[in-house]
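Laid out below as structure tokens are two forms of one and the same protein chain, each shown alone and named structure 1 and structure 2.
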Structure 1
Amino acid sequence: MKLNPDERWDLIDSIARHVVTYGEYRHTLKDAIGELTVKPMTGLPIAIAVMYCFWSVFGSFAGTLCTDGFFVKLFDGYWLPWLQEVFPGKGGWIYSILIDAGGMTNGEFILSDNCFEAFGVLTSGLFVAIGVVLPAIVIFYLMLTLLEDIGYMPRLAVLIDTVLHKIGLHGYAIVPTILSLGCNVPAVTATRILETRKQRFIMMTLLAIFIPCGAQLGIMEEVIPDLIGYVLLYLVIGYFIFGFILNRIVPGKSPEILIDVPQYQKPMMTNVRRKLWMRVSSFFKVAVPFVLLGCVVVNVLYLVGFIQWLGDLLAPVFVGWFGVPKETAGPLIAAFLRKDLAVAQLSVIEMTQYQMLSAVVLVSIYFPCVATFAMMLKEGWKELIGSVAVLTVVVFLYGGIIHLIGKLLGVA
């Protein structure tokens, strides 16, 4: 039977009366909290408190409890001495690469007393990957997953939207930004949620340069706990300064944010476990092999004298322009494989506090690790070339500015 338009609407009204139940709306506590966390006046202080708790738990659990409280004692007290004792060929090149690079003093091979200084594949490589990075990655992704499932992340996107529009992005850019604090690789993929090519390019470039991954943060928390705040401050300032510049010179549009803000809800443990396992397992597949490979490559380059030659060649740039020791050449090579490995290397180079600060920032804004590099290439070779060009300018310009600030303050 064919119905005319009026009859169709009558039929719809009839069905609606039978299936729709109308009730009185009651403003619940959940609704009130949702409104408080999305309005700037109350939402920004709450966001700062959430991020502070995030960082406090990250540092206390990953650094103090797991790394210092357990893994340092395990690796330095048992694993390293045992390997140094049972592995044959002490002082040979295989021993140096796999166990302990050590050093010669008065014709005698001196063993390292901790895994950071040993820099062997089976000592420093495993310690960095399992003892420092793994706890940092686990706690970071656990907290991020909980915030996602609760429904807080969309509210954070709304809050930060106005600020990010100044650098050509919108609130959704907070998702790849925070993901990048865990690992740059999935963060590059997450830039696809941004609508325009301009936004994706700016976001991909900024996260590759200015956002340290969770592994790097874990190492910094371990080796430079007193300086990590200053390092992050320099990186945040650079993020917004160069983001503002890129927004002015990169052609394209930056549309307004359109986002659904759901109600707060109890996180589903099944989802939390699934997301956590997916993200942590990808760390084992991507990060651990590059950490171990990095130890091999850098040790071989040290043994053949390449690092020494490169340091001498680039000494005028490192010492004169960046204000860091020429030995920084080694960590910069390692940074292309794993930046956390590079920061660990910096910790055994003799330098002042401000030189260490400058060197860590330099490693952070240096080329992204090879896994991130490969992921950026998948997003488009033109974007990759553009990002590398921007990165090269930023490294020399910002690195020189940091050195100049140190000289003006009398600490460089």
Structure 2
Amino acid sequence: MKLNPDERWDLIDSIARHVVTYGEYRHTLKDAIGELTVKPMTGLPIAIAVMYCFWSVFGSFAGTLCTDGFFVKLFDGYWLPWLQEVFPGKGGWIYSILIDAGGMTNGEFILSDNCFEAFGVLTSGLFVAIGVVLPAIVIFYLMLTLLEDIGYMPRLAVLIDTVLHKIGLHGYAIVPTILSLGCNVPAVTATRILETRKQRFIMMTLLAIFIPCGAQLGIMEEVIPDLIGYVLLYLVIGYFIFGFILNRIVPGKSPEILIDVPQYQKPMMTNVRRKLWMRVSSFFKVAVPFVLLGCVVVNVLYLVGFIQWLGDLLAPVFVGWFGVPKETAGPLIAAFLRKDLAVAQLSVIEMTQYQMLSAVVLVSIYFPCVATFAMMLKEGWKELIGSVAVLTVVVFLYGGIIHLIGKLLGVA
């Protein structure tokens, strides 16, 4: 037999009356703390503190301890010199692709002295993947998982709900947004928690353009630690400005949803471990092949002179409109494959601090990496084309604006 909803609720009512007794409800300390984290007046300071904790631990663990503390020494001090020594065919093209592209000074072949510059598949490629990105991703996902399992994420969603309404989204959009700081690929999948195509389109476009992934953050932390704050600031501002605009011009609805806020609880270690392992391993299955492939493609393009040619071609745009040196054309090509790789490459080009800032922001907002591209294509080619169109406009507008701001401040 089946009941209709009314009958079902009636039945539940009478069952509940018989089996449940409600004692006097007392506000516990746990409840009161829970409320404080959701109310805007008190919740925002707490959210600011939680984010601080997140980045501070991220920087200390990934940057100070793992990458600077051990991996740089391992790769630059042992791995690179050893490979440079034992690998045959110095100066040949296989050597350039796999080990070290080096540099030509006065017709003499000079080896690179660190893994950022060598740009071989086995040197820079492995260094970026294992030395920089691995620790960043592990600590990032560990903290994200902890925040989820403690029950803080839904509260953050409630807290940020009103702000996200302005850009056509709702509180839960914070989930793909933060996931995206780890990797854009799972974040694109996570946009499914939004209801309408409009919301999913806005979210996907924004995260592909304005949210740097964990790999990029790791590299930024490594090569431009002083500028990372400003880069993020530019990106956050862009996220909201263009979200606001997109909400106005994209047709469709942005319905509200009810967010269910669970109790705070202590996280279960096995659960955390399992989630962490799944996230890290699936990230690496996607990321590592692309890092290595990226090295190969960029090296080949360099060797055949394509990048110099493109740099010359685009030089007026780069120098005149964005205010960055024309050598940045190469990294922008690499960015299509892996953005982290591109930031690493930028770090060895000579330029002023503000130029570096502009270039890194541009690389961040410029095309999503191939893996993200593929994910978005899976969601629908119309969305993808829309995103690319938005992206082109954004890169030009925003690049110009940053240049302009720099000019006005007198630093560009």
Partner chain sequence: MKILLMGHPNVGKSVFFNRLTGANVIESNYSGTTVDYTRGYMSLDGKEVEVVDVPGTFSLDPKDRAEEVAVAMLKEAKDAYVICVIDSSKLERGLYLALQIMEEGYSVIIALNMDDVAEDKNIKIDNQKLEQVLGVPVVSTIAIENIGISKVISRLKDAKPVDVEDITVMRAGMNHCGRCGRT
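Model, not experiment: these values are computed from the prediction. By rigid core we mean the largest C-alpha set that fits within 1.5 Å across both forms. Every residue number counts along structure 1's sequence, beginning with 1.
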query: Structure corresponding to the form predicted alone; finding: 1
query: Displaced residue check between the two structures: V393, CA, 2 Å or over, core reference; finding: no
query: After superposing on the core, C-alpha shift for V19 between the two structures in angstrom; finding: 3.9
